Every structure is written in C-alpha cells, then in structure tokens.
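Heads up, the chain below is alone and in the form predicted on its own; it's given as structure tokens.
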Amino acid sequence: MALYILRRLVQVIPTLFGIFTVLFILAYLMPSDPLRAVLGEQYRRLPPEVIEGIREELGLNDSFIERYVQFLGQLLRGDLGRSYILSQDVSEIIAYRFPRTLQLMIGGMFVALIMGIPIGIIAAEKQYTWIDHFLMFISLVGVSMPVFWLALIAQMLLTQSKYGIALFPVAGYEQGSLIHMVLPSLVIGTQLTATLARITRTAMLEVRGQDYIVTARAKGLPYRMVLIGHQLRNALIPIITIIGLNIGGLLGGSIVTETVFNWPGLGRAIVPAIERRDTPVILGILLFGSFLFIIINLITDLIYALVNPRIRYS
C-alpha cells in the first residue's frame, strides 16, 4: 500500500507539470494588458517612463520563455508568486479562502450523500413504478439545471416572502454561520445529488440479480440487512468513483455559487483575477485545484480497498 501511494505521488509530478504548462500558455495568450488592469485610470495619467518601470518591475517585458522559467522556478520552491492587484502572496490568498470553499464543498457533499444515495435506493427498489419514474425525472432535471440559474431561483423562493418563503439569508458569510451555509450548500450539491441518485439506482439494480443476493434472501435474512449489508455494500464501487470524480465539479461549481452568494472563497478570488488578468492568482488557484483533484482521486483509490477487501495495491 505504501509503495503504491509513493508511486502515485511520483506520477503526480509530470501531471502537474503538464497542467502548469498548459495553464501558463493560456494565461500568457489572454488578451489585454495586465498593467492596464492593475493601474486602472492611472495608466493614462502616469508618464511613459513610470509605466515602463512598473512593467519592468513586474517582469511583463520578459519573453515567454523567461517568464515561464522564472515562474516554474518559483513553483519548485513552493512560491506561487504575488498578486499584481492585491499585492499579496498567492499562497496567503489560498490559505485564507480555501477553508471557506472547503465548507461549501463539504456542505454540498453532505447534501448529495444524504439525498442522492437514498433516492437511488428507493428508485431501484421501486423499479418501473411511478415512484421510480418520478425520482429519475427529478434527477434528470437536477443534472440539467445550470448552477447559476438554480442559485437565483433558490434566492427568489427561499430568501424573501414576496415570491416564496424567507427561510435563509440572501447572501453573505457571517463567519461561516450554518444559516448562511445551508442555501449555497443545497445549490452546489444539487447536481451531484442527481448524478449520485442515478448511479446508485443503476448499481443497485446490477447487484440485485447476483447469486449471493438471491442466496441471502433465500436464507431468510432480514430485508434491511440484505439491502444495506450486501446489496448496497457491493454497489459502492461505482458510487465512490462518481463521488471522487465529481469533487472537481463541486470545486468548479463553487466559483459560480460563491459569486452569487457573495461567499469569500476561491471562486470569489479567481473571477476578479481573470477579469484583471492577475496571472499569479489565476495560475496559483488553478494549480492548487488540480493538485487537490489528483489527491482526492488517490484517496478514492485507497477507499476502494476498504470497501472491497479483494482489491489490493502493491
């Protein structure tokens, strides 16, 4: 197991290098001048020699290769650079904002687990009934619904009494209070809930016809024991896979959700960075997200061995 983990971590290095290269090229090719975004209206007022000095200080006059090598060297030292706009280290920005994004990711995952898996189990047990068709139709709507549209609908229906019920605040963070966290978590977890429900239904139906399930029922084991202890347990592999793969979806959906609900996470940092072409912030957050996604997939692989003892890594 330890050798497998070490080998996977070594494999992460070239993957991250490739991701960094692609992201750096895309950031370099972005239109507009980042210095104009940094200075704003002052760009036209400052003398040309001052503008040129600032450009030289920020390294904007360097060639693509020079900037690439410089940024790569910083990255190898664990330095993600410094924001042009905020004059703050990117690592500090991530350290401050990621815990807030993680709150939403955990909230969205919690919503998906407590809703998606039970819905899938019920749909599988009620196969081809109106309950099954209704739940799968709702799941299809949930998968197809854009996050920004769902967020706006949720705000309209659940935050004020004119068109709905005033249950939750419209937006804000308030030190991460639970009442402010509920609505964004519901929004960010909706698509994963719908996906998880459909995958759980399919996995449960595939397992239900296996010989060991038929034998367990023939022995007279309680219905709940067969359903949870045998059927669901053996259907967990595809469910865990979908959860691991969709962690990135939660991270991506948090960008929109945080913007709509004014939640101070990574999404609220990267959107203005893209608008102002703040390259260090863009690259730092995207690289951190890529690394997080890879680590989560590694953890997912390790969970397979816990769920199914027949799986071993060497």
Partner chain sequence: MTTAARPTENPVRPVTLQETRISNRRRFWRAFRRNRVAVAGLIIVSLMALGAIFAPVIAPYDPIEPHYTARLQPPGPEFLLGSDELGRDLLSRLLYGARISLVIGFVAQGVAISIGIVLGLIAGWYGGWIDDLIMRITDIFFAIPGLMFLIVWVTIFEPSPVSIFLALGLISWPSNVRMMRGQVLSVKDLDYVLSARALGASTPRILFIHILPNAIGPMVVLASLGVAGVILSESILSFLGLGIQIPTPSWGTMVNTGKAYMTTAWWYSVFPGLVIMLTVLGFNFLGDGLLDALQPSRNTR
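Please read all numbers here as calculations on a predicted model, not as lab measurements. Positions refer to the first chain, counted from 1.
The discussion below concerns the form predicted in complex with its partner chain, not included here.
> Please pick, from Ala171, Ile85, Ile228, Met145, the one residue with any non-hydrogen atom lying within 4.5 angstroms of its partner chain in the predicted complex.
Exactly one residue meets the criterion: Met145.
> Quick one: of Leu76, Ala218, Ala166, Val141, which gets a non-hydrogen atom within 4.5 angstroms of its partner chain in the predicted complex?
Checked against the cut-off, the match is Val141.
> Can you confirm whether Ile153, Arg198 and Gly252, the three residues that make up this candidate site, all sit within 4.5 Å of its partner chain in the predicted complex, judged by heavy atoms?
Yes: Ile153, Arg198 and Gly252 each sit within 4.5 Å of its partner chain in the predicted complex.
> Heavy atoms within 4.5 Å of its partner chain in the predicted complex: which stretch among 86-94, 230-238, 115-123, 157-165?
Only one stretch passes the 4.5 Å heavy-atom test: 157-165.
> Any chance Glu206 has a heavy atom within 4.5 Å of its partner chain in the predicted complex?
Contact check for Glu206: yes, within 4.5 Å of its partner chain in the predicted complex.
> Classify Ala305 as contacting or not contacting its partner chain in the predicted complex by the rule of any non-hydrogen atom within 4.5 angstroms, answering yes or no.
It does not: once its partner chain is placed as it appears in the predicted complex, Ala305 has no heavy atom within 4.5 Å of it.
> For Ile296, is any heavy atom within 4.5 Å of its partner chain in the predicted complex, or not?
Ile296 lies outside the contact set for its partner chain.
> Flag Leu23 as yes or no: does it have a non-hydrogen atom within 4.5 angstroms of any non-hydrogen atom of its partner chain in the predicted complex?
Yes.
> In the predicted complex, which residues of 234-264 put a heavy atom within 4.5 Å of its partner chain?
Stretch hits, in order: Leu245, Gly252, Ile255, Val256, Thr259, Val260.
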